[in-house]
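Consider the single chain below, provided in structure tokens and representing the form predicted alone.
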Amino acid sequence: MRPFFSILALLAFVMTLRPAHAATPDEAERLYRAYGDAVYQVKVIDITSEKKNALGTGFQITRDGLLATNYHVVSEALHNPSHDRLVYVSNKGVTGALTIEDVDVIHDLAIVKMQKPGKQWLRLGTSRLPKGTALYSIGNPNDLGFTIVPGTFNGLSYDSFTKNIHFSGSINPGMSGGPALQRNGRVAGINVETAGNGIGFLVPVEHLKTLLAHDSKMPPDYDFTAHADDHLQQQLLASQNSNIGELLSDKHWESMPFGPVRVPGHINKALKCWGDRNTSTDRLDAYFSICMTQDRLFLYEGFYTGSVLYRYDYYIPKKNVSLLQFYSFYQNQFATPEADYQNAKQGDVTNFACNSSFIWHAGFRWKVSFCIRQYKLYPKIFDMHLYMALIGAGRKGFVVTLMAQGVSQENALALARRFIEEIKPRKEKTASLPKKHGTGGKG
């Protein structure tokens, strides 16, 4: 037994000769300790009550006190400067005023300036990272205090006009505008939204670099707030021109048989499509197919834009339903545009102006209505609604709906014209019905 204990004693002695290594602290703790002082609460304060009415996060990006945050965090103060003001609060309780220097409404970014710069700021990195790279998001969720959330980089959301980073971490309200850091402390993205269940999205940091470069070219005494509407309109025009241009530049839209005609199918990866049978009535067979973008741009409270949607509805009455009863139902399906648009309040837009006519197309007679309404703050921007209903086809009905939000009048006309041209006669004898699945999902 004695040799065994001798070996143990020798091993213990050898271990005492090895240099001691300090335990590596948790990565999130290390990052917050190293960079947390550069992150701030951003609050919108109602001037009358002196209470906050919006809350987000921002982070210092320059020595002279520029903060980055989300556009939607500061939008109320931008549009209502006589009613709301912006303030920052540090993690040590230091507070001060903020002024809006520049915004990017398309990528939901804003640059604001601190009354008194902090001593620490963050360096901007890159979003061109390998899938699975660890990221650490910092913010102030639900006004509970600063929090750091670990997650992973899962690439860009390419099935969208606005390509954000898919972040597998929990981003909650109040974290909007906060930084997502790599292990080296460089900013890879900016918190922007959540899809729940640990699915978050970040704005790629390259868009912030572009906005910062644009802001650097502004005159020192430039009052951005006084010219904000013009800047936002220019950004909206450029964005919709790119998005609608992408749709129209494809010379070969996917075509699919549906009901009595062939119609545009899944024409772009930015749209999600699905179809099903409508079981809400037992008086007729009703089938639908719908495709729509996932993009939605926030302008200000209650006002969103940027979506494109098209839908087909095919109706066949049951044998016990008279032709008169069917026509009464079918006529009610010719909805007014206002019933389909819930993206804005009455004070934001004009009423729809519509032109209706009857045309022969794809072997059938149709009633066609083309409607547009104008944005009051951005008069070069419109919502468009195209509605086509098959008429004189006996015991069957077919309705085509196309909607585009936030487009120029020229692009609204071009998209409607192209869409009508893509509706073509069927060569098959039997009418096709949608499958229970599609390229997207309902959830």
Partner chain sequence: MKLILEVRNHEDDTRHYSFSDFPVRIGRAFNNDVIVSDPFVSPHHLCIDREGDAYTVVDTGSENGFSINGEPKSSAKTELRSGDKLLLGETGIFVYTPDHPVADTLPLRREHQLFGWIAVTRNVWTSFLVALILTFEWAWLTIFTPDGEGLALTSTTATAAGIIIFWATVWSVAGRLTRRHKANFQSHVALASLCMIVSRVAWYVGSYINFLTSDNWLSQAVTYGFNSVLLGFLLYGSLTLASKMPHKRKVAVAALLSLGLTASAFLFNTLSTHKFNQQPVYSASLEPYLDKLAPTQTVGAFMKDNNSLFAADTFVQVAKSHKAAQSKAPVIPFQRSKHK
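Note that the structure is predicted; figures quoted are calculated from it, not measured. Numbering follows the first chain given and starts at 1.
Note that the form predicted together with the partner chain isn't included here; everything after this is about it.
The candidate spot formed by 85, 152 and 168 lies out of contact with the partner chain in the predicted bound form, as no residue has a heavy atom within 4.5 Å of it.
Interface residue remark: residue 116 is not counted as part of the site for the partner chain in the predicted bound form, having no heavy atom within 4.5 Å. Residue 369 belongs to the set of residues with a heavy atom inside 4.5 Å of the partner chain in the predicted bound form.
The closest heavy atom approach of residue 349 to the partner chain in the predicted bound form falls within 4.5 Å. Interface membership of residue 386, defined by any non-hydrogen atom within 4.5 Å of the partner chain in the predicted bound form, is confirmed. The candidate stretches are 143-151, 86-94, 105-113, 73-81, and the one lying within 4.5 Å of the partner chain in the predicted bound form by heavy atoms is 73-81. Proximity to the partner chain in the predicted bound form, taken as a non-hydrogen atom within 4.5 angstroms, holds for one residue of 269, 345, 123, 183, which is 345.
Exactly one listed residue, out of 273, 211, 244, 284, brings a non-hydrogen atom to within 4.5 Å of the partner chain in the predicted bound form: 284.
Using a 4.5 Å cut-off on any heavy atom, the residues of 216-233 that reach the partner chain in the predicted bound form are, in sequence order, 225, 226, 227, 228, 229, 230.
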